[in-house]
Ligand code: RIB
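Just the one chain here, laid out as structure tokens, in the form predicted on its own.
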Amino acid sequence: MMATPQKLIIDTDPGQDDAVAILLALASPEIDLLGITTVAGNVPLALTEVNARKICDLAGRQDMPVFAGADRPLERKLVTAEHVHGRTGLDGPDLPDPVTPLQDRHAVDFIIQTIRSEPAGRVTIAPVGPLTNIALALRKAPDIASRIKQIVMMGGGCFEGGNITPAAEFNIYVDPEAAAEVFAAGIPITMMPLDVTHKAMTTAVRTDAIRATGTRTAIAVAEMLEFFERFDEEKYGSDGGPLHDPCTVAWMIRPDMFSGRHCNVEIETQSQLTTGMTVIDWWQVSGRPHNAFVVGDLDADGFFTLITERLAKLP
């Protein structure tokens, strides 16, 4: 008998790798996706909410509620990443305008109402973009912090450093103040930093295996990955690029494929050189209390096998 599906909200700024995270959740019986909240990040909000709805269409899930959230960081000007994700944020496949509707409610209100209405300790939030919506929800409704089961997020780096500055990973860099508030909120956090996502490489063999399943969704994903990886191949001299965001959903489905350790994580918000840096006490030298489970490694072949098998279940 299968365990009860895990209730999940994905908070996202799609992004090709975000798209794969959403599709993996939609294709997995272990996950009960309650809704998708969007935030400005990889591209501005007007595009991230459209992209999230296009992904629902692709999966044949026009019933999935999608909400638009924060269009800018808490205190800073928005930094985006069209140089990685393309002009639309979802460059690669030619996806039609979305049929999935955008809900009227603000993403932050949906998060608050969902956490309050579901039993305490039941709902996980997976933020795979800047943490602005999560910080705003915690500011507006501090009572939800104790009701959230866990936050499983993609962001930060330890030994891998950064990918938007030498010290900072993009999601944290865009809104470091939001990240600092979320990490200080006392919610159980599992963190997927660049250290693990850079081991989840979309090699040609892995992308070909996704395409070979032959479904409309799988072919679109292969096209997304081929577009997305060109930037990283040039930057890192690698075969393929790191598939960051699906690590969050995959960890919820198959935690045995990942390893890490409990650490203290603090977010730098002041320094000119290292703003957005996640200061991860991997070697436990600070004496500061643990506030996150930081993942450092994964079974990359198992990860891509899971994604390929699940994508094949979609239209």
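We number the residues from 1 along the sequence you see. No experiment lies behind these values; they were computed from the predicted model shown.
Beyond what is shown, the protein has a form predicted together with this ligand; the following relates to that form.
The stretch in contact with this ligand in the predicted complex, judged by heavy atoms within 4.5 Å, is 170-178, chosen from 170-178, 72-80, 139-147, 207-215. Of the listed positions (114, 100, 163, 124), a single one reaches within 4.5 angstroms of this ligand by any non-hydrogen atom in the predicted complex, namely 163. With the partner omitted here, the residue from 128, 196, 191, 107 that has a non-hydrogen atom within 4.5 angstroms of this ligand in the predicted complex is 128. Although the partner is absent here, residue 278 is not a contact residue: none of its heavy atoms lies within 4.5 angstroms of this ligand in the predicted complex. Shown alone here, residue 154 lies within 4.5 Å of this ligand in the predicted complex, counting heavy atoms only.
Using a 4.5 angstroms limit between non-hydrogen atoms, residue 42 touches this ligand in the predicted complex. Of the residues in 229-248, those that come within 4.5 Å of this ligand in the predicted complex through at least one heavy atom are, in sequence order, 244, 245.
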